[in-house]
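This document starts with one chain, in the form predicted alone, laid out as structure tokens.
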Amino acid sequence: METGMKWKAPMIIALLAVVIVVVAGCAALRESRPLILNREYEKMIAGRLDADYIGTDNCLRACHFHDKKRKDFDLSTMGAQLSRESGMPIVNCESCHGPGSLAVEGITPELVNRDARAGRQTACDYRTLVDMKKLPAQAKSLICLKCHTANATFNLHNWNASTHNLSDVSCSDCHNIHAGHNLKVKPREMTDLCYKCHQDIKAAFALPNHHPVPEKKIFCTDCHDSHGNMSVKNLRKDTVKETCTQCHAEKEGPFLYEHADVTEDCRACHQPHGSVNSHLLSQREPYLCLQCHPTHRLSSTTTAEAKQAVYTRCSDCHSQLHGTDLPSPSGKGTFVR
């Protein structure tokens, strides 16, 4: 008995010590403390903290190295916000590249003229600006999200948890800010853009039966939200069926007789991008149907003849596979009419 009590006492003390530590830790979590800034990360996405904002005009007045990009930017949606009439003079070169006073320091008209006589353009000191090439993908996107998290682009509230963001894809991987006045990806250019990463999907669209994406009749964003959402595979609708029936409305139903267990997910029978089988089936008939209906027999034969029957396409008889409101001649729902 005495030995047992000797062992219990240290255990109780240790348990009390753990409880005290946990309670103290919870109390510390409730304390209010100032937010500590990570100045290196702030410098990474905001530029040199010892530089000043001088405005786009002052950045570009001394040299003409970025004249083409400036013209494209002025014609873009963001550039239009620079005009006084817009009431939103908030977007300029320094919004993304950081304050530019150090970048143009030392650039004088005399230096520009001397470079011009030598046949070269005077460039600013890029080292003092935000180094876009060395930024992590999430930091690049954060520069864009400083502005693009408001009501104008409300769908971006899912971006941080999106598949693209978690896969180190940044906004600039798809949107070339300096490509021209239109910053959006054109629908006919979208397929090639998505193919850069999704090589397996590109191969699927090369199969004999596929959705007409290579033919530019439909586009990736007709089904998927590239900025992320709460649905599986970033689908624009809540379910696979809702996405598919945007085009295939005749398959939506509801029907009096429905194909049990496969009504909500079309992928139970179909490949969404491409297949070697007709109608994008994942397997050929009748082998696809026999996975669920292995005991099916022809009703017009005897049992002995059924064992020797050669199955062909099930849809030759069951033409309304997705559902029907009409019973079969036998009075049952066997999808024959």
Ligand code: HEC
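Quick caveat: nothing in here was measured; it's all calculated off a predicted structure. From 1 onward, residues are counted along the sequence shown.
One more form of this protein, predicted together with heme C, exists but is not displayed; see below.
Whether 144, 198 and 226 jointly form a contact site for heme C in the model of the complex is the question; each needs a heavy atom within 4.5 Å.
Every residue of the spot touches heme C in the model of the complex.
Interface residue in the model of the complex among 111, 75, 207, 262, criterion: non-hydrogen atom within 4.5 angstroms of heme C:
Residue within 4.5 Å of the partner: 262.
Scan 188, 133, 120, 127 and let me know which has any heavy atom within 4.5 Å of heme C in the model of the complex.
None of the others qualify; the residue that does is 133.
Against heme C in the model of the complex, would residue 222 count as a contact residue? Criterion: heavy atoms within 4.5 Å.
Although heme C is absent here, residue 222 would touch it in the model of the complex, with heavy atoms inside 4.5 Å.
Does heme C come within 4.5 Å of any heavy atom of residue 203 in the model of the complex?
Contact check for residue 203: no, nothing within 4.5 Å of heme C in the model of the complex.
Mark residue 157 yes when one of its heavy atoms lies within 4.5 Å of a heavy atom of heme C in the model of the complex, and no otherwise.
So residue 157 does not count as contacting heme C.
Determine whether any heavy atom of residue 321 comes within 4.5 Å of a heavy atom of heme C in the model of the complex, and answer yes or no.
Yes - in the model of the complex, heavy atoms of residue 321 and heme C come within 4.5 Å of each other.
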